[in-house]
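As structure tokens, one chain now follows by itself in the form predicted on its own.
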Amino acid sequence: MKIYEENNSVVLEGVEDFNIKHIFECGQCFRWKKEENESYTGVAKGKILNVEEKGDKIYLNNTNLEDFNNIWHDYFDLGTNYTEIKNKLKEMDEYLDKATDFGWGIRILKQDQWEMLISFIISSNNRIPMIQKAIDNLSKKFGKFIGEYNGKEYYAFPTPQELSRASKEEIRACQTGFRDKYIKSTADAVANNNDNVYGYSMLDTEQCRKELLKFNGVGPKVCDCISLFGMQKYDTFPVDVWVKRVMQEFYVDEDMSLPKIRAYALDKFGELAGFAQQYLFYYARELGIGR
């Protein structure tokens, strides 16, 4: 991979296993919006970034090499060999062989732990456009203004302290629905108790899950999502409606419960369960498997 800076952009030339549609539309993130030119603009780590594909080049626009080295290389998990991961999954069965080919450009982003905690509380029984709207509203109302890009204003995700200062009613006004009380409770718990959510990623997976499950609004599925997308616990397997459908279609009986599906997947996919989940989720949702 060749990396160089050019006109307020960082260009990645010849990067493997990287497709922006696969990455930003596989259910793992909520702050990336598709533009008219098929690029994606988002906010992460307090920065505004636009990502665009042109042939075999990836353009990271509105950034520089210093931020690429300090933020974006890690954020896009560019130090991980996804070809190797996919080859291991392909050896497991024909379904993963097809799913990894279909979503060949997925990479699991290394997102902010606190932001993922609140984002996936918001995601509970919610549709992606509504999740995105609520997160944008919370950021605009309580987060710091970080700048404009292409005529749009962008705001950082609010810190625990910023969100804790908000009332439950103010949080609900951001279109969070019944989750307002969970967001308020979690923000207060983290801000007032100096709870180091960022330190959870250093715990083993079960201890990390145990800590996350203490928060109101964090059930098993939400916990697994936060663990995978915020804490880099790849031996987790979130089971939502699409994952349930694809698992029932290919692997398990129709009447198997969600906890049993999860246990089956962890046993079958092991330390690569989180990666398997992303490929299977994207494959099932995009192709409408099990509808």
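Sequential numbering from 1, following the sequence displayed. Note that the coordinates shown come from a computational prediction; the quantities given were computed from them, not determined experimentally.
Another form, the form predicted in complex with the DNA, is not on view; read the next lines as being about it.
Although the DNA is omitted here, in the model of the complex all of Tyr182, Pro220 and Val241 have a heavy atom within 4.5 Å of it. Interface membership of Gly42, defined by any non-hydrogen atom within 4.5 Å of the DNA in the model of the complex, is ruled out. Residue contact check for Met130: one or more of its heavy atoms lie within 4.5 Å of the DNA in the model of the complex. The DNA in the model of the complex comes within 4.5 Å of no heavy atom belonging to Arg209. Using a 4.5 Å cutoff between non-hydrogen atoms, Val51 does not count as a contact of the DNA in the model of the complex. Only one segment in the set 141-149, 119-127, 71-79, 159-167 has any non-hydrogen atom within 4.5 angstroms of the DNA in the model of the complex, and it is 119-127. Interface residue among Asn196, Asn87, Asn216, Asn192, judged by heavy atoms within 4.5 Å of the DNA in the model of the complex: Asn216. Contact annotation: of the candidates Ile58, Val246, Ala265, Cys26, the single residue with a non-hydrogen atom within 4.5 angstroms of the DNA in the model of the complex is Cys26. Within 4.5 angstroms of the DNA in the model of the complex, the stretch 168-199 places a non-hydrogen atom from each of Arg172, Gln175, Gly177, Phe178, Arg179, Tyr182, taken in sequence order.
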